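One chain is shown next in structure tokens, namely the form predicted on its own.
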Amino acid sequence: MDALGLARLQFAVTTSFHFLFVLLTLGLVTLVAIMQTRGAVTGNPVHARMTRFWGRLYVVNYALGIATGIVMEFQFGLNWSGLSHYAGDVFGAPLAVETLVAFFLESTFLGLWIFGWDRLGRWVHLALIWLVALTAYASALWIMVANAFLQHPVGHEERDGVLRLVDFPALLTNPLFTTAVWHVVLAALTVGGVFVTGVSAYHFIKRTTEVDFFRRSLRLGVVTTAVVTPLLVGAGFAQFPALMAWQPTKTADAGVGGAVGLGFMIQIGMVLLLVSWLTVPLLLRDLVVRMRFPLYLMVIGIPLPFIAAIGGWLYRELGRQPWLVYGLLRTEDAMSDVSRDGMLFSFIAFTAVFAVLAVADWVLIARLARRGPVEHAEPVSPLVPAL
């Protein structure tokens, strides 16, 4: 590959890695908030234990996801300075709002939630986790606003060879934002549902003694997946009219990689829809926890929504090529003046860092997930002596 090919591959790898963390973070925080709400309303201690257990997995993923996001941000300045120069006034606006309003607030609320166990009132503590969830989705919303501008640039005018933001509300009504943001939100909820389902099924395979704990977790995961997946599939197909209107050659421009990604996304969505709907009746009499074959399918199914999400992302991004800002700035013109050797070194270094973070995330989450809930109250922070 030349320097341009390496720069594109590097950004594809790093954003794909980061997107996987984001999906699980959004999905898990929603389910944790539901668990804590049920615990606050009913007073049932099992819901408090569920909140601590699943919350600990969420915090691990969130912490390592932040690291991947910081590393990814470096690339805008290192490899794609042409984008910042030409469209930074427009493209940077939603990113600035995401950082200053959504991300900082989310981190603050999460810190209060982590260290507020047994120190804050239950309703205040419950409000904090919902604020964490809302600001997390707000963060995703602003990222999608920025991405939609790259797909279909609106709200700008060109002055002195650069783009200037003249209509901020136009960014929020961009048709390639309003149709895509729901798809991302529903994909995250599907990931969360499938993850909770798979981990719960694993413990039933291992003959757990925490039957009530994981029965409740399994039901929440399966019901979430069964409710959200049809909406997810519908939201995916609902994007095509807008895509064909503003990017009529997208499917052809996406090439083989984009077509394969789109195929994976659709097929996996249909599989998850079918399996989740067939599983719901089995929950009514707890038949699913007595039948080992469905439990194995649930564990095997954990990576499927992640694969589908990356497939959809590849279709969306590859179909924009050769444009970085569709119709205005070509990808090759946005690249920084970096040599091929420098880009190769950067690609290897960034990929190594992301691989380490991904492995660390998987190892920590797998260890905590296999360990299961604890008998006594522990802090929700993953930094406990057992690790």
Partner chain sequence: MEGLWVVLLALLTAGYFALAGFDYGVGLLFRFVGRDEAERGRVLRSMTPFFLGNEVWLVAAAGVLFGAFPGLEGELLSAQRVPFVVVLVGLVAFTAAVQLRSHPWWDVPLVGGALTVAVGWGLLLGSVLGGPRALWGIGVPVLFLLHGAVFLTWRLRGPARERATRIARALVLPAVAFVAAAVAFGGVVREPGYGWIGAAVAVALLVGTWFALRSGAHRLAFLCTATTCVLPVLTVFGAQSVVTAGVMAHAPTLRALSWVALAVLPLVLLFQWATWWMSRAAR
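Residue numbers count along the first chain shown, from 1. Model, not experiment: these values are computed from the prediction.
What comes next is about the form predicted in complex with the partner chain, which is not displayed.
Exercise. Judged by heavy atoms and a 4.5 Å cut-off, are Y62, E73 and A96 together in contact with the partner chain in the predicted complex?
Worked result: Looking in the predicted complex, the three residues Y62, E73 and A96 all sit within 4.5 Å of the partner chain (heavy atoms).
For this session: Quick one: from Q267, T178, S84, T208, grab the residue that has a heavy atom within 4.5 Å of the partner chain in the predicted complex.
Result: Of the candidates Q267, T178, S84, T208, S84 is the one lying within 4.5 Å of the partner chain in the predicted complex.
Exercise. Which residue among W246, F104, F240, W182 has a heavy atom within 4.5 angstroms of the partner chain in the predicted complex?
Worked result: Contact residue from the list: F104.
Exercise. Should A226 be classed as touching the partner chain in the predicted complex when contacts are defined as heavy atoms within 4.5 Å?
Worked result: Because no heavy atom of A226 falls inside 4.5 Å of the partner chain in the predicted complex, the answer is no.
For this session: Look up in the predicted complex whether L26 has a non-hydrogen atom within 4.5 angstroms of the partner chain, and give yes or no.
Result: Judged by the heavy-atom cut-off of 4.5 Å, L26 is well away from the partner chain in the predicted complex.
Exercise. If you check in the predicted complex, is D253 within 4.5 Å of the partner chain, heavy atoms only?
Worked result: Answer no; every heavy atom of D253 is more than 4.5 Å from the partner chain in the predicted complex.
Exercise. Do G77 and the partner chain share at least one heavy atom pair within 4.5 Å in the predicted complex?
Worked result: Within the cut-off, so yes.
Exercise. Pick from 104-112, 216-224, 183-191, 294-302: which stretch has a heavy atom within 4.5 Å of the partner chain in the predicted complex?
Worked result: That would be 104-112.
For this session: Within 4.5 Å of the partner chain in the predicted complex, which residues of 322-342 have a heavy atom? Give them in sequence order, or say none.
Result: The stretch touches the partner through S336, V338, G342.
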